[in-house]
Ligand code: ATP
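A lone chain, given as structure tokens: the form predicted alone.
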Amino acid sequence: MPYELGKTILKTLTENNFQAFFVGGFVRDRLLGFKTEDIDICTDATPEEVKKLFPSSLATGEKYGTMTVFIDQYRYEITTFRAERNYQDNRHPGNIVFETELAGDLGRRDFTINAMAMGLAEEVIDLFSGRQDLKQRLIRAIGDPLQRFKEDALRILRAFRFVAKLDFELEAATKDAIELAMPLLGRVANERIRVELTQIRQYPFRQKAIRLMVDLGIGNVFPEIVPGLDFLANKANLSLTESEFYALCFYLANTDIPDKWRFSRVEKRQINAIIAFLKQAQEGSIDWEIVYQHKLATSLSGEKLLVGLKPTIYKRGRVQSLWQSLPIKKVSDLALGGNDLKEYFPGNDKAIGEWLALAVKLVNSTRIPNEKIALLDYLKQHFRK
């Protein structure tokens, strides 16, 4: 359905004397037999002309000549042919020039397998031998590979992403250029690095891609994540969330969260909580007090990592069992509260928090039932002592 609806867009453009083609990843995946709803279209129509033909379209990348058309629940990005020049900061083009021919637009792309176009009659326009590289399962940069990566260093991680997704090999010159250009990743915003690393970890051949990343020198740029990457390269079935991955990295590297990664306060709190769990559990074992302190989500994440790190010592399921067995999962579950203690022990407000914590410990260790009178009697005896 998305493809057939996309063809109606191509038909509208061509019937109005514009060139129009499916392009990029959609063509690649279609030739590989993959189903995809991520459909990009390129055309010689300007954004203004696209807007006239599709009045409901939105300018989602006006600087780059991109309009987005919505049909049913599907979205289609329509981008004017363009050339990119005078790249700055090894990431962004200084000048964008709209083109009138498809060849100029295809020539600015990263890899040959992403530089094919397909017309309304399903004819494939392949100016850089992308189909041949698909057959040979190669990822090859267009033109001078080192220049491609100098233009946009993020293409380095995109290459690894396609390895992780497709199980392809890096063409020799492209591989050499990646190794030479790897330091340029240090100039790319870490937010963008994180997006690519997340995608790489989600694909089926991530181990292969991660090994390549480490072998080609990503540790020279981001040494703090290499221990985590090394670990994942040997764990085929370990799937980690964002917080779990970075907690693993910084825990193994024995480092605080570097400021350059620009995590939000919430993200930092999640990562640090998992690291704290790992450190506490490694010093002894996973007990109810650790699980109660860190709560279920953090404890499950920590347990997952410990099972991966030391499978002969830690087993999955202990955290869930401990959590389910806890009579008190939060202070508010207690049969008494701070006001009860203030009334029972007037003039001792500073000790209330300590006594509530003691009450939780008493109940969770099954020494005292979760009953107000029983708890108050015990605390009264404790207070007198």
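All values reported here derive from a predicted model rather than from experimental measurement. From 1 onward, residues are counted along the sequence shown.
Keep in mind that the form predicted together with the ligand is missing from the display, and what follows is about it.
Listed stretches are 109-117, 236-244, 218-226, 292-300; the contact stretch with the ligand in the predicted bound form is 109-117, by a heavy atom cutoff of 4.5 Å. Among Arg75, Lys304, Arg211, Arg158, the residue placing a heavy atom within 4.5 Å of the ligand in the predicted bound form is Arg158.
For the residues Tyr203, Phe263, Trp288, Phe231, the 4.5 Å heavy atom test against the ligand in the predicted bound form is passed only by Tyr203.
Contact between Glu49 and the ligand in the predicted bound form is not found at the 4.5 Å heavy atom cutoff. The ligand is not shown here, and in the predicted bound form it never comes within 4.5 Å of any heavy atom of Lys175. The ligand is not shown here, and in the predicted bound form it never comes within 4.5 Å of any heavy atom of Asp340. Residue contact check for Phe168: none of its heavy atoms lie within 4.5 Å of the ligand in the predicted bound form.
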